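Below you'll find only one chain, the form predicted alone, shown as structure tokens.
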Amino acid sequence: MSMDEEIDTEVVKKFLYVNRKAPYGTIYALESLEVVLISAAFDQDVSLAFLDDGVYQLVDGQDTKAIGMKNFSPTYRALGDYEITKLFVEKESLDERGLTEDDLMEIMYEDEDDDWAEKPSIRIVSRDEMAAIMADQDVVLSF
């Protein structure tokens, strides 16, 4: 190896941020989103999981005027700009709340490996698939 060659010592870890709380009424959902954006700046493999009441964070058409809080849900649409393109939503959590994929925001990203084709970031997965996704991570943080 010549002195001009660089040794790539960067270690990329898989981070999964698990969102289980409704978007408003607690600070958890907003805090999770802020931590996700910070971690993306460190070039890690970041994905999000939405389970239980956390699925409400992705519901389309949120209106927070009546509760006097800022609606931060549009920020999810910007995650692709930070190379965060894996948003896993547990199907059983949707079903238990009377929701379907059609109730969720459309969140897309541009795939640079596929001629910048727009692709959906949200992936509906079963409870068993979610368990396998969690088991495959280096770091799992729950909010």
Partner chain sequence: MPTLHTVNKSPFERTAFGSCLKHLAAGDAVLVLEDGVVGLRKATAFAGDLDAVSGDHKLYALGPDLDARGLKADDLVSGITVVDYDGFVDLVAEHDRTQAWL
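Positions refer to the first chain, counted from 1. It should be emphasised that the depicted structure is a prediction, and the values quoted were computed from it without experimental measurement.
Not on display, but discussed next: the form predicted together with its partner chain.
**Student:** Using heavy atoms and a 4.5 Å cut-off, decide whether D52, A135 and S142 all contact its partner chain in the predicted bound form.
**Tutor:** Checking in the predicted bound form: D52, A135 and S142 are all within 4.5 Å of its partner chain.
**Student:** Under a 4.5 Å heavy atom criterion, is A22 part of the interface with its partner chain in the predicted bound form?
**Tutor:** Output for A22 is no: heavy atoms all beyond 4.5 Å of its partner chain.
**Student:** Residue-level question: is R127 within 4.5 Å of its partner chain in the predicted bound form, judged on heavy atoms?
**Tutor:** Result yes; R127 sits at the interface with its partner chain in the predicted bound form.
**Student:** Taking 4.5 angstroms as the cut-off for heavy atoms, does A131 touch its partner chain in the predicted bound form?
**Tutor:** Yes, A131 sits close enough to its partner chain in the predicted bound form that at least one of its heavy atoms falls within 4.5 Å.
**Student:** Contact with its partner chain in the predicted bound form for I122, defined as at least one heavy atom pair within 4.5 Å: yes or no?
**Tutor:** Residue-level check for I122: no, no contact with its partner chain.
**Student:** Taking the partner as it appears in the predicted bound form, which of 30-38, 100-108, 66-74, 44-52 has residues with heavy atoms within 4.5 Å of its partner chain?
**Tutor:** Stretch 44-52 is the one.
**Student:** Judged by heavy atom distances of 4.5 Å or less, which residues of 72-92 approach its partner chain in the predicted bound form?
**Tutor:** The stretch touches the partner through E90 alone.
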